[in-house]
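Next up: a single chain in structure tokens, the form predicted on its own.
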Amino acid sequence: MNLPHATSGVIVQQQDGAFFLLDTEGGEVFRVNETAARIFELCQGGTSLDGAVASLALRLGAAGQEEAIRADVQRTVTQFQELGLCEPSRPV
């Protein structure tokens, strides 16, 4: 199963160590942590849920914690969908 696609017009920006999701069409700005920013970036590339979990586990040096990472990805993507930052149609 692939992650839902990011809504067009939403971009990730980093400024002074902080991460933001900018909805260029709706004018909203969301401050997120680095992990959420990375999850959002994975939504932009048609990444599978398993691929996202593996990528984050590697990036975070968290081998063996894939189930916790999977739950975090699912929760974060659901929040993105609720905020209109990702397509709402696909549950993760």
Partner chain sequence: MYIQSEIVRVS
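What you see is a predicted model, and the numbers here were worked out from it, not measured in a lab. Positions refer to the first chain, counted from 1.
The following text describes the form predicted together with its partner chain, which does not appear among the structures shown.
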Query raised in the report: Is residue 28 close enough to its partner chain in the predicted complex to count, meaning some heavy atom within 4.5 Å?
Result: yes
Query - Interface membership of residue 39, its partner chain in the predicted complex, 4.5 Å heavy atom rule - result: yes
Report task. Please run the contact check for residue 69 against its partner chain in the predicted complex: heavy atoms, 4.5 angstroms, yes or no? Result -> yes
Requested in this report: Classify residue 49 as contacting or not contacting its partner chain in the predicted complex by the rule of any non-hydrogen atom within 4.5 angstroms, answering yes or no.
Outcome: no
**Report entry** Contact check for 1, 7 and 24 against its partner chain in the predicted complex, heavy atom at 4.5 Å
**Finding:** no
Query - Neighbours of its partner chain in the predicted complex among 69 to 85 [non-hydrogen atom within 4.5 angstroms] - result: 69, 72, 75, 76, 79, 80, 83
